[in-house]
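Take a look at this single chain in structure tokens; it is the form predicted on its own.
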Amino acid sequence: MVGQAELDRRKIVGINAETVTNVTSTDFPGQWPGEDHSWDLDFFKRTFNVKFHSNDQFDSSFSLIGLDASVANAFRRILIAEVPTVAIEDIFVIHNTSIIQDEVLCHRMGLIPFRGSREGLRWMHWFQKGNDEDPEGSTHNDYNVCILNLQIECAWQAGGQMRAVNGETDPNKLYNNHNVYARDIIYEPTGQQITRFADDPVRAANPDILIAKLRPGQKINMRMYAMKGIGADHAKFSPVATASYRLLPTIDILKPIIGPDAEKFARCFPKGVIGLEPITREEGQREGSEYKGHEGEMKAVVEDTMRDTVSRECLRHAELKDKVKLGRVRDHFIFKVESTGQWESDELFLESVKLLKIKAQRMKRALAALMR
């Protein structure tokens, strides 16, 4: 039977001054000679845990504990590249007299994140473009294309020209529609979209995105087709601004760090990681205690390792490097997910779980077919 100390040692990735140790302990990670580490669902249920640290609408942080790195990384990759969203794909520029060239303006439009009914998004079909096998591809229909329009023209305000002659330079006091924002894009539902997107129509996730600036006489008139896609096809379809994870840091104080050294040690870490506490009378008078004779002095204690960025700054100081041991917990993944607006951040993770389950089922069917 393997002792708890050995199990704890296996979980820690060592962080040294210039090296990282115990990254993979064996040729087959998670397996050790003479031990049975075959998959056990009951063991996984006992050891796996999900803990949320923050959960705002479009920004969440949570920990997956007791998971293999391959599975955690699969969630991250699915979040970035395989959860579907809607983005502008085809644009018909009818009129553009702004100073932005047509192709640059179209590129800006394509990168605007949109949001709408999640049920409507799931109902939408994939639009297939023409290829060698099917030169025509899909036709534009209500179930695969959302039509958007942008029609805006800049004009003088009443009395604006006179104010300009008198030296006024504030465009808000001179012109109407001089700034083109994402909120000026109008959704034109067709067919079943009228009911599918009735409660939550397609619109820009952030209505204040600045698209262009106009002056009197300049106008933009565009008709755009937004389609369902995934980040693996183009980054504009990615539902996240960022989806990343890091391993939980560990800080073990091996020897007492007291007085000025304790203050210096605390400054080596971000605020809130290391705290200072007075040495109690009991600690100072206990026989064999390393705190003996230091009653009332401040000692360094670990408060919140999750705040640590693992800068290794403390290992640069000769008086501190032998008193502390840094590491990371191998199976504790701290995720950070920032949504672009189509999905709420906690929904995104659930979608990634569903997609990974679908992948596993597809693989299972393929293996079954292979064995026939």
Partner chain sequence: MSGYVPPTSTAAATTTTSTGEGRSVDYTCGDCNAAVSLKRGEPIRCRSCGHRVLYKQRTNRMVQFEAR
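None of the values given here were measured: they were computed from a predicted structure. Numbering follows the first chain given and starts at 1.
Not on display, but discussed next: the form predicted in complex with the partner chain.
- Stretch 102-110 is the contacting one of 252-260, 197-205, 281-289, 102-110, since its residues have non-hydrogen atoms within 4.5 Å of the partner chain in the predicted complex.
- Three-residue candidate spot Ser70, Glu119 and His125; no residue lies within 4.5 angstroms of the partner chain in the predicted complex by any non-hydrogen atom.
- When the partner chain is considered in the predicted complex, Asp184 lies well away from it, no heavy atom lying within 4.5 Å.
- Residue contact with the partner chain in the predicted complex: Met298 places no heavy atom within 4.5 Å of it.
- The closest non-hydrogen atom of Lys236 lies within 4.5 Å of the partner chain in the predicted complex.
- Using a 4.5 angstroms threshold between heavy atoms, Tyr245 stays clear of the partner chain in the predicted complex.
- With the partner omitted from this view, the residue of Lys173, Lys264, Lys129, Lys271 that lies near the partner chain in the predicted complex is Lys129 [heavy atom within 4.5 Å].
- With the partner omitted here, the residue from Arg163, Lys213, Arg77, His95 that has a non-hydrogen atom within 4.5 angstroms of the partner chain in the predicted complex is His95.
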